[in-house]
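Next comes just one chain, in structure tokens: the form predicted alone.
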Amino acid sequence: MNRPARASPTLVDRDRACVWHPYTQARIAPPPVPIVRGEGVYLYTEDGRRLLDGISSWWVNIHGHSHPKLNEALTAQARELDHVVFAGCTHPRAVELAERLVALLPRGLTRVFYSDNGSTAVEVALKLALQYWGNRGEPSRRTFITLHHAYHGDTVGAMSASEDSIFTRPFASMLFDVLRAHPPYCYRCPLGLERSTCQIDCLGDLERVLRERSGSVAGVLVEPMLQGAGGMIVWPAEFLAGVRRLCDRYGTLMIADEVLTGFGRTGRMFACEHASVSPDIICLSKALTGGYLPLGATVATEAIYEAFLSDDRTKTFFHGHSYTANPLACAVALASLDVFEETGTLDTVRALEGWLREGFGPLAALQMVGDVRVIGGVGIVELVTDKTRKDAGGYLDNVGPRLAEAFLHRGLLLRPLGNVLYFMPPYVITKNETAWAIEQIHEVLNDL
């Protein structure tokens, strides 16, 4: 019996039927936006609309979509070597990328361990730190200190290090305990102080925890200068310098999660440069490949590496991923670093920072805007329902989805973190495109 022909499903229909999208609720979320092409700062939908990518496609794209140089590097590498196991083998692109990273990173970071995303880069760092102390004969150092409002990823270790939140709560029984200290959240100062007159007093909370537990602390894990998913909190550089100073004073490791902040996002190649500090371990991903392919790197000091060199095989770091140091990803990461050198990318980011400060400043006068923050290529608006009390609904505030939909109708792709709206475009955005995007933000917020 002949069956009736079925109509070809649209891209949206296929996605709704088969794909489980992150951060969606099938019964109430709008259908996913079907994207078929990208070029520069723009994404193009199946039905012909053009959207300005105001979030760098989840903070990863920096040089623009479908960049010719990155396309060429990816194609050339695919003709030579697609992938090879990185346990017992190596390949030129991985070696070259490691050498380039070590030359760019803060001084003292010399050993590159590859993984495949930001969460695993953090997971590797936690495991390295823990085993480092064990290999040195100090197994009692098993405690990590992280900050309130932290977000370090979706794997179990990364979730454990993150703030207790909607992201982690369903998995609480799987997580290990960490100690938490105050971050420098100046708009909502945990000590009730004003930034204009304080002496970075919030750093005292970290010192208290270190003093009380210093003999058992394996490391202090922070997101330097910009805490991302926890609310886009911008730091004073003095706090970052203080973290390094306290880690030295109490003899523990400083771990910098630069998955978001690395590769120019804060106006410096790495956020640690704002305070001229070198962490003991740094975690990299997202913009590492210019937004093309998954790749993570956890880079440690020589002293940490040497703690694993032994004839005793039990001191080996038994950790690895199938796609570790994927040649395609390494090749496009190298091309991205070339673009930095050839086009003066960091100067471009600093110009973007100026445009953001000029455009975001007036937003502070709007009734629902509690705070405006800018760092590097990121502009942030924290929305409140009462300016005096600073009342806000947090990540589940319905204002986020409402704003996202309103911006989408105007041709601007943004994903607010509840009541925290941020604009984080690819660095190649022009001054006019930036002004247009800020105009949309102003008009939509004014309409609220």
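Don't overthink the numbering: it's just position in the shown sequence, from 1. What you are looking at is a predicted structure, and each value in this text was computed from that prediction instead of being measured.
Just so it is clear, the following notes concern the form predicted together with pyridoxal-5'-phosphate (PLP), a form of the same protein that is not shown.
The closest heavy atom approach of Val122 to pyridoxal-5'-phosphate (PLP) in the model of the complex falls within 4.5 Å.
At the 4.5 Å threshold, heavy atoms of Trp59 reach pyridoxal-5'-phosphate (PLP) in the model of the complex.
Contact check for Glu223: a heavy atom falls within 4.5 Å of pyridoxal-5'-phosphate (PLP) in the model of the complex.
With a 4.5 Å cutoff on heavy atoms, Asn117 counts as touching pyridoxal-5'-phosphate (PLP) in the model of the complex.
Of the candidate stretches 82-90, 343-351, 361-369, 146-154, only 146-154 has residues whose heavy atoms lie within 4.5 Å of pyridoxal-5'-phosphate (PLP) in the model of the complex. This chain appears without its partner; in the model of the complex, the one residue of Ala333, Val259, Leu128, Ile233 with a heavy atom within 4.5 Å of pyridoxal-5'-phosphate (PLP) is Val259.
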